[in-house]
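Listed next as structure tokens is one chain, alone, in the form predicted alone.
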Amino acid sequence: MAIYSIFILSKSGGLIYQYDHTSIKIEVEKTFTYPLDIQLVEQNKRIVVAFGQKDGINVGHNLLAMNGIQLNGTLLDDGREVTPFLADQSNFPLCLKFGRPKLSTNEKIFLASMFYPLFAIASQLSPEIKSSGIEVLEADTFKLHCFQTLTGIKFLIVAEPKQLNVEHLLRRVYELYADFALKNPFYSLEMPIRCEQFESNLQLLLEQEKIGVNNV
């Protein structure tokens, strides 16, 4: 079981803090002949699998390297474009490495901003008045847990589906936020959290949670 990431969103939906605790590196390397039996497209300056997933290479994975040479986005190390290179039969066979890269800061900010309207929609769709909104979003490989404070600050934890005590952990993160961010005279509300004590105590909390200790 593992905690993957923690996000803190301001009451207006902006990302004010994010911490990656456990990362899973997914990479698959395979030799291909011409023509490719998977479809690749350019997205956000990356080469992405769009169709034909197989052998652990899934839709959404990015092309990371060719013949052991790391790619620079959509470019080869000599500056040539990857797409025309893959369209040339004379370059095959090719050993291609695919994987899921780490999200960039801008991508994390964008995804956090997308959660805010989803939370609002869930609250409005509820048949009960004063719905708490989204508390858990469940997928086959992870669960996203959300705790919203009375002031509208949202704390999100992305964890393995079988991770225990996430609700308790969310409230402990909130307590750390109150103790080390809100009480910091140099911190302004709604602004990104850059408090060393908050981050160090958060890391300590997560490590203690990993070994089954519930008190910091």
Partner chain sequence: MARPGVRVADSKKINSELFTLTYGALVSQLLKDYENAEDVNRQLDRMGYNIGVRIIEDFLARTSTARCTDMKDTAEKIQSAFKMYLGVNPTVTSWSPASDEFSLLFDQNPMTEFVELPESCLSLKYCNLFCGIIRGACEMVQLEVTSWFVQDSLKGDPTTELRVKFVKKLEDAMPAGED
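Please read all numbers here as calculations on a predicted model, not as lab measurements. Positions refer to the first chain, counted from 1.
Although it is not shown, the form predicted together with the partner chain is what the next lines describe.
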query: Touches the partner chain in the predicted complex: residue 201 (any heavy atom, 4.5 Å); finding: yes
query: Interface membership of residue 189, the partner chain in the predicted complex, 4.5 Å heavy atom rule; finding: yes
query: Contact of residue 11 with the partner chain in the predicted complex (heavy atom, 4.5 Å); finding: yes
query: Contact label in the predicted complex: residue 149 to the partner chain, heavy atom within 4.5 Å; finding: yes
query: Contact stretch among 73-81, 114-122, 136-144, 97-105 - heavy atom within 4.5 Å of the partner chain in the predicted complex; finding: 114-122
query: Every residue of 38, 51 and 89 near the partner chain in the predicted complex, heavy atom within 4.5 Å; finding: no
query: In the predicted complex, the one of 29, 175, 42, 167 near the partner chain [non-hydrogen atom within 4.5 angstroms]; finding: 175
query: Within 126-141, the residues that have a heavy atom no more than 4.5 Å from the partner chain in the predicted complex; finding: 130, 131, 132, 133
